[in-house]
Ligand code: NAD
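What follows is a single chain, given as structure tokens, in the form predicted on its own.
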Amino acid sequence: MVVKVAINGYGTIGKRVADAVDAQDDMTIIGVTKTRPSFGCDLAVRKGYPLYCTYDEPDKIAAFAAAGYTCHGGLSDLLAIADIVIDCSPGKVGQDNKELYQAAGVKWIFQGGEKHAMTELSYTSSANHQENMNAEGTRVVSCNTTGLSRTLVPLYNHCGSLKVECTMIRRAADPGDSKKGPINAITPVLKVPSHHGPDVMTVRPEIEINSMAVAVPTTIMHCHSIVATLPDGHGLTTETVLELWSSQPRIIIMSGAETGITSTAEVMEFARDIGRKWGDLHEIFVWKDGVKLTGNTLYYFQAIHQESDVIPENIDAIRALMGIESDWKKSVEKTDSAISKYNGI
């Protein structure tokens, strides 16, 4: 079975998801949408992805031809030939789009910018792949929630219970999002708790977690400062926690002292040095020398590349919704192996 995948919204996340889909042998891109002619259209054309308009109005579709692009139709035309649509639209348009997808009879995946209440199901590969099998649709949780799940779910699975307090040190904007910056400020998120911790509970409700967040003047990564309380009798040490994480996919553990990678800037330089497409880091990065277990209290830092850690999760979510692979680790292995070999244009 080769799944026919549509991408609604070919921007920061959409273009990356499209390339990740294109790298797989059990799915194919049948089209991507743009709201209007823009530089993103050039990239889609060079990749060979059929271009569609986000809207169905004839004048908006015609604008693409006037700008020199071949537009294959509107969103309804794309949905008519799709098995599943990955919604990477900006803003809070999810509910309206969901109704379109349901009317078209296609499965759907939203991103973490939408609310769990709207999709009624959320997803991360390590937390609840099985619960998403053959579902109508889901929401791949945000980059921060995905990152938290990668380290917290293995701990919960080992310990049987977990209490977490974390602070999200957030980038102020994506690198290409010039309208949001630059800023010369540290901005606390004055909603307490922030949505990040409770969002983990949409994929693993057994984890007791609260979070606070602060935006800082950087664009390249988020950083998490995490304090986790383990139950009595957990049987772990700092070293065995690191071993536990090392056995999990999509976690990179390095010593800052040994490698010289002591900041998010150096983490992203590392991603470029190893030849990652887009300079991305799909894994979360944990500093080995920033991990310390004292009694029942575990302290650690991790870094999240907000543009890319959710990309492979979207691929695994496709396999879950389409009923292709029930074993999350097998899906992860297949996804990551294909992405690592993909060179694009």
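What you see is a predicted model, and the numbers here were worked out from it, not measured in a lab. Residues carry their position along the shown sequence, with the first being 1.
The form predicted together with this ligand exists for this protein as well; it is not shown, and the discussion that follows is about that form.
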### Query
Quick one: of Pro193, Pro154, Gly256, Gly113, which gets a non-hydrogen atom within 4.5 angstroms of this ligand in the model of the complex?
Gly113
### Partner-contacting position among Ile183, Ile252, Ile81, Val93 - heavy atom within 4.5 Å of this ligand in the model of the complex
Val93
### Query
in the model of the complex, which of the stretches 316-324, 283-291, 64-72, 30-38 has residues with heavy atoms within 4.5 Å of this ligand?
30-38
### Query
Would Cys88 show up as a contact with this ligand in the model of the complex if we use heavy atoms at 4.5 Å?
yes
### Message
Check Arg171 for me: does it contact this ligand in the model of the complex (non-hydrogen atoms, 4.5 angstroms)?
### Response
yes
### Message
Against this ligand in the model of the complex, would Ala20 count as a contact residue? Criterion: heavy atoms within 4.5 Å.
### Response
no
### Heavy atom of Cys143 within 4.5 Å of this ligand in the model of the complex
yes
### Query
Does this ligand come within 4.5 Å of a heavy atom in each of Ile13, Asn97 and Glu307 in the model of the complex?
yes
### Task
Would you give me the residues of 38-61 that have any heavy atom within 4.5 Å of this ligand in the model of the complex, in order from first to last?
Thr54, Tyr55
